[in-house]
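Just the one chain here, laid out as structure tokens, in the form predicted on its own.
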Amino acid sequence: MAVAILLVGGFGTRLMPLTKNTPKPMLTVAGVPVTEHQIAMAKAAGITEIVLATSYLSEVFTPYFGDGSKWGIKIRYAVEKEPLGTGGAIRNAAQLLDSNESVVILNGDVMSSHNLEEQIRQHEALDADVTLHLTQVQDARAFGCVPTDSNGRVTAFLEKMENPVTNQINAGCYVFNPRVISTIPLNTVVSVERETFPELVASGAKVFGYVENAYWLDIGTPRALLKASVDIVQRSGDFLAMPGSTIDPTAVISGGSCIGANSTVGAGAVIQGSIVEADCVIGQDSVIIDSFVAAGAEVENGAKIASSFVMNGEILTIP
């Protein structure tokens, strides 16, 4: 069995303007916050305890997730007074885990459907120090590369390069032996990607890669977040309507759109490839394409909106 830390403390700079009032892990994908998808993934892998490592707008998480009982998982909260980087956040959150079990680190920027249970199993079978989920991409130039040897052992962490030596990249989900986390200094800004992992490899530590090319997406930009929602919705239909939503029979909703709980869509409205969060009012004959409508927003009758972020009284173009 393992426990988990979910890194949800980032500012979400790349997701502006969506994160103007909402931390990125609480933005919705297919009707529920990104964090809820990750909690469900952790639970499916047999994890029963998770710490949310928060910082920016930390007060938003507790009212929604509480103690985790609604999801059948124990949730605690570690709040950073100042951002500590990935390593510092992990070390800070680990203080709330009184366990010698493997520690899974989930990244709030990533949606993945890889087999986390198998990643944990391989980590423990090898008595590894760290096991990273690696995924293979067509063009690795935009990412740092993580080459492995014939036994799956990580041999280097390479920065972005024009001619990558491998198409394997760090997919952002790690399993740590707790003995490694204890070596990260407390209350210090540390990056596991730039400092901890390279240092472990250089010292001969047992750092392995778990390679699986399941669905994986970095949701750090507005367009990527929309894509994640569309991808999930389209697995089961052309659109998703959450409980309590009301959609006029003449409205046309398509392209993997999601209509949030208790939202209303008026007559003749057209919504395509978009996220409409909870408690929104979509006016009649309005057109919304490839856009994100924030919770509680109202869209006027006949409005034409494309590639935009909609709040009450404000419509901002998505870059």
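It should be emphasised that the depicted structure is a prediction, and the values quoted were computed from it without experimental measurement. Think of the rigid core as the biggest set of C-alphas that the two forms share within 1.5 Å after superposition. All residue numbers are counted from 1 along the displayed sequence.
Although not depicted, the form predicted in complex with a small molecule is the subject of the following passage.
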| Contact label in the model of the complex: residue 53 to the small molecule, heavy atom within 4.5 Å | yes
| So, in the model of the complex, is residue 76 in contact with the small molecule at a 4.5 angstroms heavy atom limit? | no
| query | Can residue 83 be called a contact residue for the small molecule in the model of the complex at 4.5 Å between heavy atoms? | reply | yes
| Though only this chain appears here, would residue 234 touch the small molecule in the model of the complex if you measure heavy atom gaps against 4.5 Å? | no
| Contact assignment for the small molecule in the model of the complex, among 170, 167, 177, 245, heavy atom within 4.5 Å | 170
| field | in the model of the complex, the residue from 212, 101, 109, 195 that sits within 4.5 Å of the small molecule by heavy atoms | value | 109
| Out of 122 to 130, 199 to 207, 245 to 253, 215 to 223, where are the residues with a heavy atom within 4.5 Å of the small molecule in the model of the complex? | 215 to 223
| Within 4.5 Å of the small molecule in the model of the complex: all of 18, 238 and 310, by heavy atom? | no
| said: Aligning on the core only, does the CA of residue 235 end up 2 angstroms or more away between the shown form and the other one? | reply: no
| task | Using a superposition on the rigid core, decide whether the Cα position of residue 190 changes by 2 angstroms or more between the shown form and the other one. | result | no
| Superposing on the rigid core, does the Cα of residue 217 end up 2 Å or more away between the shown form and the other one? | no
